[in-house]
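Single chain ahead, written as structure tokens, the form predicted on its own.
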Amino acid sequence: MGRPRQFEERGAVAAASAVFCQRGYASTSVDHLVDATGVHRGSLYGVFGSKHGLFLRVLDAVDAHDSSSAERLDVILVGLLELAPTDPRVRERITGLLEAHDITAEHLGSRLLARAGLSDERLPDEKEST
């Protein structure tokens, strides 16, 4: 029997999501993830296998209904820009997220511009409701 987990996985995934969204995938080091999650390096590898494995868990987490639209779009943008062109697993999960949440190219483009400070922060659906 293994040792009981010393951290709350959901919180660690949420903290990792914030780091990936802020820094991007390539610029996020395992040290950044250790600092943000407060989880020891060995435990991160033990549970998620790798930085890539943790990113896949982040993609699964943003599929949950309690994720905000902006958070979901930010994670998808990181995956699309940095991993999906060469990583079929990431591309497949993002395809599922796009279909499940009716995310369009307009949503992604609007969020990308908003992140760059080049447009209104609101998503297209939010603009239509006002």
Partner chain sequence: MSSNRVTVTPEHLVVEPVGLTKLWSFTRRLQFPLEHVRGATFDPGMRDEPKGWRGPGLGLPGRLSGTFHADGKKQFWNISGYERAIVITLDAAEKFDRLVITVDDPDQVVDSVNSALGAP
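Residue numbers count along the first chain shown, from 1. Since this is a predicted model, take the numbers as computed values, not measurements.
What comes next is about the form predicted together with its partner chain, which does not appear here.
For the marked spot (S67, E71 and G117), a heavy atom within 4.5 Å of its partner chain in the predicted complex is absent from each of the three residues. With the partner removed from view, the residue among S27, T104, S50, T95 that has a non-hydrogen atom within 4.5 Å of its partner chain in the predicted complex turns out to be S50.
By the criterion of a heavy atom within 4.5 Å, G46 is counted among the residues contacting its partner chain in the predicted complex.
Though the partner is left out of this view, D31 does reach within 4.5 Å of its partner chain in the predicted complex, counting heavy atoms only.
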